[in-house]
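Only one chain is included here, represented as structure tokens and corresponding to the form predicted alone.
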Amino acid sequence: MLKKNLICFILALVFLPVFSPAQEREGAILVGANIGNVPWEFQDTDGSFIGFEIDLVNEIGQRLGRDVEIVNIPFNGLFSAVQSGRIDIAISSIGITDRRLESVSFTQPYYDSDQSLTTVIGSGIESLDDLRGQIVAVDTGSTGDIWATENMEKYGFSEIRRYEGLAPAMLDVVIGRVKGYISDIPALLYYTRDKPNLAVVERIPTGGRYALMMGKNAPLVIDVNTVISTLKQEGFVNGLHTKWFGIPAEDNTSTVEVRSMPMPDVELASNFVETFLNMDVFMQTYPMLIAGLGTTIQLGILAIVAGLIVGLGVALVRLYALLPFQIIAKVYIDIFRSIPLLVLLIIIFYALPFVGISLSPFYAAAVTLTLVSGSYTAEIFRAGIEAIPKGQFEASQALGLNYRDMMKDVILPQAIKIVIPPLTNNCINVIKDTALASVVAMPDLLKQATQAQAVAANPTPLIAAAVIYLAFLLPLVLWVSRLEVKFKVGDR
């Protein structure tokens, strides 16, 4: 599911109409949804999109005389998608908050919801008070994430792990890597109804309200809000409640009553600077970004050092060991250069616990990056060693040097000079690849940025993260270029 969501998000960014804002397009209403968010939007056995909110937006489109197209986008990507005009409407049980109202528009709410704590039956977790010193799971940037962050000290959570949807979070709950999952109570009641090993053990009152989200002051929001009022008066929205939850909503809820559109306390101008370079948002979120950068650097250094050691060892085995070991080394190199890093990361993080090996997000990412980096490093070292003239080997043997001294004093110093530029390029790639660890709830720079932009409904943290990556990696890139020129000059 994580891989599928990421691929869908990338495809959406590439293939959605990017040259004109959504509000200027005619024809179908483009709706972004985090598919897999039961019972709001998910897929049936035929692969069709179904759910409470899917039914709602389809009916709205019909009343407006326009087709509706659903695009699968991870939850934290919905905010920048509506702000950039790539989609017209975002759904996925999105809660209305004052901070989000500063950057986006919401229709009137159509569902009142609290959060909940879900855990494995018999795990010893009966309430929030039992989570002291434990790890809890949330969806990145969700109402549950906001609530857990605000109450982390009160309940003594040791860590909050942020996932990209219900399925991976609940998988880690079942595995036992996290002790509880805090998320919307309707989704969890629906999800656990046919799973006897799981239970919603506590309701968390938050006064959440779900609404359709659109770009700031989008012209479509007034028309959509008017249709929702009509659908409430006709009983259609309450009918959806009966269809998906088995009972009608209470009369005093926003599912039944027509409500006013939520408005921000202070109306802010919607322009490029306020949307993408908002200094207030940056000042509020930069501590998170700095913490994420620290994690990224730690992971990158560990993976680089380990990858260099593994790569050198495998290269020497590949060149000089007995034939069976050479074959094993070649198989390792070929396999780990062929497997996409994201696929390997998901396998190591989610599959290994079923054979008794449960790694934290940090060490799962470190092992993955080391295995892949080591395979590329091995080939770089092999090429460098094979580039040394055979006369160097013969001269070393003539001097009576044993294998160890020959490699240490003669061959490797020359090979390292040759491989420094490609090795440095590989190190840069390792640091960039640390961003993939965000899909397994590791709080690296990208994860912190996506959480911050989802909470604030503003892409400024993502822009800031991009600048940080650039400031950190550009000097390395320029250094590599200088090394390449220097070594070329030295070889003349």
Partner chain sequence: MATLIELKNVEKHYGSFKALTGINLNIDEGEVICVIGPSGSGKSTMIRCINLLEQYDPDGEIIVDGIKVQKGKNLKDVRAEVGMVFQNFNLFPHLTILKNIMLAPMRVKGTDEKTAEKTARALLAKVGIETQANKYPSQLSGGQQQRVAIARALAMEPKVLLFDEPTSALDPEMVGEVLDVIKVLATSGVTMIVVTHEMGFARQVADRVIFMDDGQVIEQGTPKQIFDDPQEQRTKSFLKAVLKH
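None of these values were measured; they are calculated from a predicted model. Numbering follows the first chain given and starts at 1.
Omitted from view is the form predicted together with its partner chain, to which the following refers.
S.K.: Which single stretch, out of 325 to 333, 391 to 399, 230 to 238, 124 to 132, brings residue heavy atoms within 4.5 Å of its partner chain in the predicted complex?
M.R.: It is 391 to 399 that comes within 4.5 Å of the partner.
S.K.: Even though its partner chain is not shown here, does K408 get within 4.5 Å of it in the predicted complex, heavy atoms only?
M.R.: Yes, K408 sits close enough to its partner chain in the predicted complex that at least one of its heavy atoms falls within 4.5 Å.
S.K.: Should G246 be classed as touching its partner chain in the predicted complex when contacts are defined as heavy atoms within 4.5 Å?
M.R.: No, G246 sits far enough from its partner chain in the predicted complex that none of its heavy atoms falls within 4.5 Å.
S.K.: Hey, in the predicted complex, is Q414 touching its partner chain, heavy atoms inside 4.5 Å?
M.R.: Yes, Q414 lies within 4.5 Å of its partner chain in the predicted complex.
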